[in-house]
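Structure 1 and structure 2, given next as structure tokens, are two forms of the same protein chain, each shown alone.
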Structure 1
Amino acid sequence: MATIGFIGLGNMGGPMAENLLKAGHAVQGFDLARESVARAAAAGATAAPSAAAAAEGADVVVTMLPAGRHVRQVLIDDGVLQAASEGTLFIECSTIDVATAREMHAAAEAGDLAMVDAPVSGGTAGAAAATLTFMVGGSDPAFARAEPVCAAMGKAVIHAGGPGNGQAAKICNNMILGVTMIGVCEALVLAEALGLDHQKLFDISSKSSGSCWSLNTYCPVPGPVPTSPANNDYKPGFAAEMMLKDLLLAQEAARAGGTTTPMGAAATALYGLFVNGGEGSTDFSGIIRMIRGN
């Protein structure tokens, strides 16, 4: 069993660290929020006094932070890479921009450290139940070391390729999700106007060429899929502000690489309107209300 530094014990990182403890690892936890550190300590972690202290003597360091600037702050400015022993493996799980992820890989390599970028899908429920999916970018040896650690926090650990490719997979996947959700919402609203029942459209399209995850598993109207957030007044689930964050990362990457993604751009604009209208903490499927005009 390994000694694992864990930095960023928020909604995702807190339960992920607890699952590492349950798997028998020793965890040295740090977060700027004292109550999050106290919660991890109550679950059996050692409370580290700083981010750098969490990395000292660790075999593996996991980071789960809000955005690229926080990751750079912690790894570079707060001296976490510097504090780690040679050969330490970094598993960077935050959802961040591909460019910063690749920059962090280069900084780790320069310090004789190993790194994978390993963003996740599955949300807070998946973090609590250890059923996250990890999309991993990095070298083959780094992936081989990261896989069993990630497996203690998730149900699937997939090697997406070299440095930054985990982040690339995450934003491409979520761009598909944002676009398909809006398409499904528009079709359901059109069905309403045409006098076609939600359930009938669901029964037909979920078995036809309109079939997709946004319809079959996460249907944005109450009824057809009883577990979808639509049946719970659109409580997340996956908050619209998180969807907007991921769509903006996809647009940033598309611009940087000169890729044209007009449907991704349209989805970003629509989720921007929804979030700016005060719906940031509504589930992302709740955008059907805006499309319907209520």
Structure 2
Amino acid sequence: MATIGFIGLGNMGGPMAENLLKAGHAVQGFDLARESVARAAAAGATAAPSAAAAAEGADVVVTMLPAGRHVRQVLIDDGVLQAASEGTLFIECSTIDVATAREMHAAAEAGDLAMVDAPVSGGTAGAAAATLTFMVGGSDPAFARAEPVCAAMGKAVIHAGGPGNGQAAKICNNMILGVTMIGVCEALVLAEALGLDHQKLFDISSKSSGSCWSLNTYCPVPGPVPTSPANNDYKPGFAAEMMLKDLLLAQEAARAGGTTTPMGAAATALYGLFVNGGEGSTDFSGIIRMIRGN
């Protein structure tokens, strides 16, 4: 078993760290929020006084932070890369821009450290149940080291290619998710206007060409999928502000690569309206309320 430094013990990172503890690893955790550290400590983690301290003596360091600027702040400005021992493996699970991910890979390599970018899909429910999907970018040797650690927190660990490719996979995947959720919401609202019952449309579309994750697993109306946030007043889940963040990353990457993504751009604009209307902390499936007009 390994000693793992875990930096970022929030809604995603906290349950992920607990699953590492359940797998028998020793975890030394840090978060700016004291209550998050206290929860991890109650689960068996050692509370580290700083991000750098969490990395000291660790075989592996996992980071789960909000954005690229936070990752750069923690790893470089706060001295986490410097505090780590030579050969330490960094598993960077935040969803950030590809350019920053590759910059962090280069900084780690310069310090004789190993790194993978390993953003996840599955939301808070997946983090709690250890059913996340990890999209991993990095060298073959780094992936081989990261795979068993990630497997303690998820059901699928997929090597997407070299440095930054994990982030590339994540933003492409979430652009699909954002676009399909809006399509499902529009279809359900149209069904309402036409007098078609939600459950009837679900029963038909989930077994035909309209079948998709946004409908089958995360249906945005109460009833058809009892575990979806629609049955809990759209409490996340995966917050709309996080979906908007990922869509903006996808649009930034599309511009940089000269790629046209009109549906992605439309989804970004709609989620921008939803979030700017005060719904940032609502689950992203709650956008059906805006589409419905209430």
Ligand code: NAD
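Sequence positions of structure 1, starting at 1, serve as the residue numbers. Each form is matched to the other, and the largest set of C-alpha atoms that superpose within 1.5 Å is called the rigid core. The structure presented is a predicted model; accordingly, all values stated were derived computationally and were not measured. Only residues modelled in both forms are compared.
Remark: structure 2 matches the stated condition (the form predicted on its own). Between rigid parts that reorient between structure 1 and structure 2, a hinge sits in the chain, and the option from 55, 68, 181, 168 at that spot is 168. Hinge motion between structure 1 and structure 2 is captured by two rigid parts, the smaller swinging by 10° against the larger on C-alpha superposition. Look at residue 283: with the core superposed, its C-alpha moves 2.6 Å between structure 1 and structure 2. Regions where at least three consecutive shared residues each shift by 2 Å or more at the C-alpha between structure 1 and structure 2, after core superposition, span 180 to 239, 281 to 294.
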